[in-house]
Structure formats: C-alpha cells, structure tokens
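Quick setup: one chain, the form predicted on its own, written in structure tokens, and binding and motion questions come after.
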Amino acid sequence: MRILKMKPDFLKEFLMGLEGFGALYGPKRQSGILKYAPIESYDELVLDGENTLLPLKRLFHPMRFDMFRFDSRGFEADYSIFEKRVIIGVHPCEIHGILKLDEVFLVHPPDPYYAGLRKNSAIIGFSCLPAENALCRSTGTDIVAEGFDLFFVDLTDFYLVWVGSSFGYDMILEKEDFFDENVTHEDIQIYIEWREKRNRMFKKSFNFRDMPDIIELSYKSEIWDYFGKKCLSCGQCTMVCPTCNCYNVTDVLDLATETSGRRERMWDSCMFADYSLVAGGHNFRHARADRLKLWYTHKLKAFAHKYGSPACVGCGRCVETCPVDINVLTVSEALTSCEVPEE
C-alpha cells in the first residue's frame, strides 16, 4: 500500500475530476438531512465528519428495489440499480460496516445485487474527528486498513493519502502532479500527533471487548425485561445501523394480467412485532424483550462467533436515534454493571 501527500488546494479539482470514473456520490444535505446522494458540485459535499442519518449500506443494500419481473414463461432479473459510481467522504466506521456486509452478502453464493453494486463502486474514505456519540475507539473501527480505493487523512496543511487498490492508483495517475511521494519524518510526526489528539477527543466508550462473554452470561437477566418495557418496536436502531441487513421480499402482481408481476425487496427489522411470525400464527419472539435480546446478542456476540468480530462499528447512530434511550451504550452499561437502570 502506498501513502502519498497532497496539498489541500488540489482537493476540489481532484475529487470533481473523478467523475470520469463514475457518478459522484457523497454526504450531501437535503431538506436539512445529511445523506449519501449524487453530487453535482464540490460545494455540496459535507466533509466535516458529521454522520449521515442513514449509513453507507443504503447504497449497497438499497431500502427498496425490484429484483426481477416474472410471468407464466419465467422471470428476468432487473439490474437497473447498477451504475458506475465513486463514493466520496466515507468515514472509517462506515468502511468497516461495508466490510462486515461483505461477509454476509458475498459468501457463496453471493447476492448478485449487492455484489453488482459493490463491483461498480469506488470508495474514497476521509478521516473524521469524533462526534459527541462516537464509540468507534471502543470498537477499534476508528482506523481502517482495507475496504477503500483511496483514503484521505486531513492534517490541515496537507492530506496523507492511502492508496488501497489498483483502481485507486488509476485515479492518482489522472492527476499525478497533485501528489508527492516524499513523506518526511516531520509529516509522520504531525500524523502521530493528530492521532493522539483525536484519541483524546472521544467522550464516550463501552466495554466492547468483553461484551460477547457478558451477553452470554446475561442471557436470562431481568435487564432485558426492563428495556423491553421501554422499547417502542419502531426499528429505528436497525435502520440506522451500518451492519443490519435483514430484508423481506414481496411479489406484486400486475392487476391487468394477474399472471405477471415483479418481486420487490425491502428492508425489514427484527425489532418489528411480526418479524418472527410464521404460518399458523405462531411468533417466536412476540415479546419485545426477546427481540431486543436477539438484536444485541447478534450484534455484540453471535456475529463475532461466525465472522470473527462483533457487528457494531461504533458509529453512535443508535445512541442518537432511539427515542427511549435504548442503544449499544445504555445496554452494555446495564449488562456490565448488572443493575437495572433507574427511571
């Protein structure tokens, strides 16, 4: 992996010049909400470290789309969601989130829709400073070594630029004169000092390392009942989580023929009351406490058992979003202290 240096004066021209590699996407404010959206000008980009409301997963695991059309003769896959694109301004925790989705969607046999979107997308990562609810220091996702084509670290007077793929190197070659290979000892020291300063800026943390064992030991804890009584089953925590990947499919018939139609796929959530409802009306997790336990057990324990590391990337979105203060921070604190929180 190569590491280069670039002056801030070149950033705008370099990033906007990447449109030759695909449609540009990035954090953009629309109607007051920050979201990953198509970018037409550099001024639309928000690169100050603020999290988008919905994570990067929505560009690879879309909220709703048609999988295929069908009729009495068979079906034809719909790949119209594919396009060449360059996604700018992706934070380290978001990249870790996509790497975890890779574990789910790219195993054999791979999901053709996720795989196609992944193949057609370049990721340009950007460093960020911790927001109020950032937990990525606890989860070890505040830095990233893979999963990007280029990654920019803003050191004020210059950027250090990690080249993470051959495609990223092709981008560099388009504006090779913007980059300097001479990274000095002074530059390295500035980077080290930036890392140390950033680490001191984290305001919140939780016992992420021990959570798999704590979850196992607390499986029958009354803490789940406490949070279950508070939970609204709104599913917001799962919608904003970078690694939640549940979906449902529905066949929609054409009313004119009743023999043709389309299969639609959309996000689903294990927090919803009917998620575990099966034929005959039986619901495996009718109680909200059971659904919460399922989610946190999967997020902080079971995913790690199968894929090597827990599924939480410490973005803090669940902390910001839950209207009744149920999130990875409050749940882990309650389980660690073995005390039901006071009202």
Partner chain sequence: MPEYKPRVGIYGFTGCAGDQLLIIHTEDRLLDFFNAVEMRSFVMASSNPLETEIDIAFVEGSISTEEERQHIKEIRDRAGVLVAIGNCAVSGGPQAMFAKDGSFARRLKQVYGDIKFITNPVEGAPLDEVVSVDYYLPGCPISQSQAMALIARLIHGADPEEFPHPVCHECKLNENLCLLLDQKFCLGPLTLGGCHSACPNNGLPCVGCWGPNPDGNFEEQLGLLESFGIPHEDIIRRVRNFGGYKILAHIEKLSGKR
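Values in this document were obtained by computation on a predicted structure and should not be read as measured data. Positions refer to the first chain, counted from 1.
Another form exists, predicted together with the partner chain; not displayed. Remarks below refer to it.
- Of the candidate stretches 225-233, 199-207, 86-94, 179-187, only 225-233 has residues with heavy atoms within 4.5 Å of the partner chain in the predicted bound form.
- Residue Met239 is the only one of Leu99, Met239, Val153, Val163 with a heavy atom lying within 4.5 Å of the partner chain in the predicted bound form.
- Taking Ile124, Cys128, Met271, Ala134 one by one, only a single residue has any non-hydrogen atom within 4.5 Å of the partner chain in the predicted bound form, and it is Met271.
- By the criterion of a heavy atom within 4.5 Å, Leu255 is counted among the residues contacting the partner chain in the predicted bound form.
- Taking the partner from the other structure, the partner chain in the predicted bound form has no heavy atom within 4.5 Å of any heavy atom of Ile192.
- Interface residue remark: Trp267 is counted as part of the site for the partner chain in the predicted bound form, having a heavy atom within 4.5 Å.
- In the predicted bound form, the partner chain sits within 4.5 Å of a heavy atom belonging to Thr250.
- The partner is not shown here, but in the predicted bound form the stretch 49-69 reaches within 4.5 angstroms of the partner chain through a heavy atom at Leu53, Leu54, Arg58, Met63, Arg64.
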